[in-house]
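Consider the single chain below, provided in structure tokens and representing the form predicted alone.
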Amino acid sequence: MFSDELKALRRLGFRHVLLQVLNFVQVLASGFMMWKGLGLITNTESPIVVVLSGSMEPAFYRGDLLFLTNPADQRYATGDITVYKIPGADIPIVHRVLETHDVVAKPDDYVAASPLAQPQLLLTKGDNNPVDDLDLYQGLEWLERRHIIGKVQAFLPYVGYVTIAMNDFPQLKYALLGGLGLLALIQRE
């Protein structure tokens, strides 16, 4: 079976194979540019995330696809659903803001003219969890704005299961990529 594909590649010639590789690289680069462009528009490093656990049920279930924004001109409020990442942790966490605290610093008896210029501290909790997230903060007492990736604006239920399946079963990812590559070759003939 594999020898047939090698024969097909030899028949196509070097230029055709190179063209296929360049087309594949172009598709990857276009996807990356769209991802980064969407990140710039939404002011977040990750404008789309997948829910990986059941800690936010019944609001969100495992596999839901979340769309995020991180508006620089708005403060977070109690009840907002945020995605945050603690330094040293690999996976971002989707939880609801339980408490907010505005820090008023008075250096030289001056108060910041805008409340947006003042730091804000957040405490979060998963809807399906019995306690707040202090244990998840890895020594931090509060979340700060720099820990927040974004606020959930919309979601698509269960669409992210494809991502979960590919992470749980890496062979599926390679089979899917290989199948798409073979399909592209077959369509070119």
Partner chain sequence: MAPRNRKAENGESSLSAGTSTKASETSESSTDGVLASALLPPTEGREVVKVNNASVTEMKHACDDALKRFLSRPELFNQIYTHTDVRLGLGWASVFVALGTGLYGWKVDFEKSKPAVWAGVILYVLLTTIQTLYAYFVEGDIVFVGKRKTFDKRIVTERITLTSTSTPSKPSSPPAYSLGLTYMRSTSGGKSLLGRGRAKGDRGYNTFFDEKGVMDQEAFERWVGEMVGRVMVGKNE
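What you are looking at is a predicted structure, and each value in this text was computed from that prediction instead of being measured. Positions refer to the first chain, counted from 1.
Omitted here: the form predicted in complex with the partner chain. The next part is about that form.
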* To do: Choose one stretch from 160-168, 49-57, 121-129, 22-30: the one whose residues place a heavy atom within 4.5 angstroms of the partner chain in the predicted bound form.
  => 22-30
* Answer with yes or no whether Gly39 is in contact with the partner chain in the predicted bound form, where contact means some heavy atom within 4.5 Å. => yes
* Asked: Is Thr69 a contact residue for the partner chain in the predicted bound form, using a 4.5 Å heavy atom cut-off?
  -> no
* Asked: Does the 4.5 Å heavy atom contact test between Leu172 and the partner chain in the predicted bound form come out positive?
  -> no
* Looking at the partner-bound form in the predicted bound form, is Leu177 within 4.5 Å of the partner chain by any heavy atom? -> no
* Asked: Since the partner is left out here, which residues of 43-71 would have a heavy atom within 4.5 Å of the partner chain in the predicted bound form?
  -> Asn43, Thr44, Glu45
